[in-house]
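Just the one chain here, the form predicted on its own, laid out as structure tokens.
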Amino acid sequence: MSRQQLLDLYYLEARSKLIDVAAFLDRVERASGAGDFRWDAFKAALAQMQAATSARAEGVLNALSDPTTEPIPVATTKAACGAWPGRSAT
């Protein structure tokens, strides 16, 4: 598939998602209070999107994922939260 074909097929969908992310960033930055590990992970994932590589999706997933390999003994919450609280990205 050519670049032009990909743009023809997916540009409007990607554009919409990009605007959604921009609106989310604006809302979070306008809000008062401290961020948390999810905000840090989100910003780290955004930085991965600017990387000059063809593995951006992998970088984004890694920025949002738990890098440990050992299972935890007991779950601390009932649901996934979309980011790993064990580290703080900048």
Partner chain sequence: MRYIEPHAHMVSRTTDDYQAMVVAGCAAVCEPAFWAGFDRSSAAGFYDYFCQLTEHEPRRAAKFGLPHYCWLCINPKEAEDVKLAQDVVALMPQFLERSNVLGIGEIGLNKNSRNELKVLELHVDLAARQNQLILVHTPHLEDKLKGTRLILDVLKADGRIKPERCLIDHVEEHTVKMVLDQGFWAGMTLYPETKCTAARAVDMIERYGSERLWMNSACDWGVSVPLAVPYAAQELRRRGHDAATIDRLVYQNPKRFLSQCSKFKLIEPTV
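The term rigid core refers to the most C-alpha atoms you can superpose between the two forms while keeping them within 1.5 Å. Since this is a predicted model, take the numbers as computed values, not measurements. Numbering follows the first chain given and starts at 1.
Another form, the form predicted in complex with its partner chain, is not on view; read the next lines as being about it.
Contact between L7 and its partner chain in the predicted complex is not found at the 4.5 Å heavy atom cutoff.
Using a 4.5 angstroms threshold between heavy atoms, L12 stays clear of its partner chain in the predicted complex.
The closest non-hydrogen atom of D36 lies beyond 4.5 Å of its partner chain in the predicted complex. In the predicted complex, its partner chain lies farther than 4.5 Å from every heavy atom of V21.
Using a 4.5 Å cut-off to its partner chain in the predicted complex, not one of S16, V28 and A47 places a heavy atom inside that distance. Of the residues in 68 to 84, those that come within 4.5 Å of its partner chain in the predicted complex through at least one heavy atom are, in sequence order, T68, T69, E70, P71, I72, P73, V74, A75, T77, K78, A79, A80, C81, G82, A83, W84. Core-superposed comparison between the shown form and the other one: the C-alpha position of E13 differs by less than 2 Å.
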